[in-house]
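Coming up is one lone chain in structure tokens, specifically the form predicted on its own.
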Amino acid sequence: MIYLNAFIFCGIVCVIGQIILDNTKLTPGHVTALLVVVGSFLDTFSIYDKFIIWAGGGAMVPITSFGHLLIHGALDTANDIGFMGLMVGMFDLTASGITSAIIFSFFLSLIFKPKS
């Protein structure tokens, strides 16, 4: 059942993003930023954690999960070390993903040439 829930959750996020793209003049970058903000907003009120319990890994795949991880790390670290934890904690949970994206994109840019 968790596989079906993951499929439904990811599908709903994709449908929402496509509806926004089709019916507004927002660019894909705007929609991506909007979904990150929505994910962080939902995690601020502990709603996104309920989605993770319901959909499992399916809730950790979409771009909304990035906003969730940023705020989740910031709030956890802020509880431990105080106000400065808001800035430090944002990158605790996301550091490996950001680092791997930078490294992989660097090596792929060495292998492939962009089209003009």
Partner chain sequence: MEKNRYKDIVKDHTPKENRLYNTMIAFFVGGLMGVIGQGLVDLYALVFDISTKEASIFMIVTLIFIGCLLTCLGFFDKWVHACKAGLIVPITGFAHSMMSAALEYRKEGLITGIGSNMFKLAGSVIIYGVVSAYTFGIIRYFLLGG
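Because the structure is predicted, anything quoted here is derived from the model rather than measured. Positions refer to the first chain, counted from 1.
The same protein also has a form predicted together with the partner chain, omitted here; what follows describes it.
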Open item on the list: Residue-level question: is G58 within 4.5 Å of the partner chain in the predicted complex, judged on heavy atoms?
Closed with: yes
Open item on the list: Please tell me whether any heavy atom belonging to L86 falls inside 4.5 Å of a heavy atom of the partner chain, as the geometry stands in the predicted complex.
Closed with: yes
Open item on the list: Considering non-hydrogen atoms and a 4.5 Å limit, does the partner chain approach L26 in the predicted complex?
Closed with: no
Open item on the list: At 4.5 Å, heavy atom to heavy atom, what parts of 85-99 sit next to the partner chain in the predicted complex? List them in sequence order, or say none.
Closed with: L86, M87, M90, F91, S96, G97, I98
